[in-house]
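We begin with a single chain expressed as structure tokens, specifically the form predicted alone.
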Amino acid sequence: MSLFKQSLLKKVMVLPITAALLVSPFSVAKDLNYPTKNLKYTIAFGPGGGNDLMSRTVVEILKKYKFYKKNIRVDNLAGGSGAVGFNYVAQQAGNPYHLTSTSGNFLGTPLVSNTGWTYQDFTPIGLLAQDAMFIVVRADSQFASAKEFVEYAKNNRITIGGTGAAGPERVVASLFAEAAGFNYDYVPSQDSGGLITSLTSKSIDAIIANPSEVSGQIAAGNFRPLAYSEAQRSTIYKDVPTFKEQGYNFAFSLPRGVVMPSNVDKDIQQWWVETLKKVVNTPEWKDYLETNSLSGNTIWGDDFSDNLAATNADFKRILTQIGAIK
């Protein structure tokens, strides 16, 4: 055989392999039984906060039970209300060895700032915990249910407080008023301490608050929760009905989930779905939920993507209505 024919034969034999790699850059990862490399877990906020705690809890469980058999490096990359860290992960498109945890800022920051990325620039893995809100009144309030609150609000001036002027508390209050058909005055507080004081001092009629902020007051018998803003009842506060089951057709919760960069192979996405399902079934994760007053209702894969889209739409619409964004 001539040298030309030998060379041509070699090229023809190599072509299918090269073409396969071009079609699916992660076919090698699958052939070698993913994962074969170390994982980088980026936390888009500083140490000690809620996102940091969730991320490190997930990583510790992955390590303890050897759900991920390679090394996991965790980096805090804070800045711009999550913009810097999330942008870093978004830029790793196609890389199956990067993860990050979502939060309210994962949706809110791109709505109010030009981040260059949105939730759509990530591969959804799972919503591991729901960070939803209570509407709470004093224990001596005349309102024993959301229905009684609405009946009064339709004919009288009603005030509702929350932390910050344009945060999730304001969104929940507005969605409630919209669904029930009443008007209200919103009174923002600087922090949760000021929010609780505004209710105990009878300066306002009700507050929208994270369960962790008011659980002590509820346990002491000082506050009464009327409704919960998740689509399903909390796995921790099972006695508190949702707004939805009381006839007010809305749900809103901040997404404490896990995502990867965009364009990750479907098989790898599913590998992480199955792995994180193991994570949320451990006693360590259940302790994390209870300690932080988070609901453990989970949503996976493309359903998580749908959940992010719906939450983002509500967030954007309400922030536009109140003038926080244009």
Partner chain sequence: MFFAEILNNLSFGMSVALTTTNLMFLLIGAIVGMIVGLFPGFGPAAGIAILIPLTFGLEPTTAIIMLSGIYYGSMYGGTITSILINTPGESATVASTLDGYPMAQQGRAGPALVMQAIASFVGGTLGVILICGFAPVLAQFASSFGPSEYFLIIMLGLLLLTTMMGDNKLNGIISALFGFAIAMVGVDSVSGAQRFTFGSPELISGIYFVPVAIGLFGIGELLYCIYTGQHKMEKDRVQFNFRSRDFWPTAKDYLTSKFTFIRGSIIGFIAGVLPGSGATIGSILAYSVEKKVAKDPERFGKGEMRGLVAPETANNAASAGAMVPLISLGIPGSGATAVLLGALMMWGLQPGPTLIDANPDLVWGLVASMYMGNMILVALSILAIPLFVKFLDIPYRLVVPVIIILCVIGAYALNNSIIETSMLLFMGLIGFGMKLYGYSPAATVLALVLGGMAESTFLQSLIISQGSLQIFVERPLSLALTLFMVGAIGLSLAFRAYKRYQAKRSN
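Positions refer to the first chain, counted from 1. Being a predicted model, the structure only gives us computed values, none of them experimental.
There is another form of this protein, the form predicted in complex with the partner chain, and it is not shown here; the text below is about that form.
| request: Give a yes or no on whether each residue among G50, P283 and N312 has a heavy atom within 4.5 Å of the partner chain in the predicted complex. | output: So, no: the whole triplet misses the partner chain.
| request: Taking 4.5 Å between heavy atoms as the contact cutoff, choose which of I196, L127, I208, A227 touches the partner chain in the predicted complex. | output: Only one listed residue qualifies here, and that residue is I196.
| query | With the partner chain left out of view, which of G216, G247, G94, G181 would have a heavy atom within 4.5 Å of it in the predicted complex? | reply | After the contact test, the surviving option is G216.
| message | Within 4.5 Å, heavy atoms only, one stretch in 142-150, 188-196, 250-258, 127-135 touches the partner chain in the predicted complex. Which? | response | Contact-bearing stretch, as computed: 188-196.
| query | So in the predicted complex, does any heavy atom of A231 sit within 4.5 Å of the partner chain? | reply | No.
| message | Even though the partner isn't displayed, in the predicted complex is K238 close enough to the partner chain, meaning a heavy atom within 4.5 Å? | response | K238 lies outside the contact set for the partner chain.
| task | Spell out, yes or no, whether the shortest heavy atom distance between A177 and the partner chain in the predicted complex is within 4.5 Å. | result | Taking the distances in the predicted complex, the answer for A177 is no, it never comes within 4.5 Å of the partner chain.
| 4.5 Å heavy atom contact, L107 to the partner chain in the predicted complex | Contact with the partner chain, no.
| query | Which residues from 109-133 come close to the partner chain in the predicted complex, meaning a heavy atom within 4.5 Å? | reply | Those in contact are T109, V112, S113, N114, T115.
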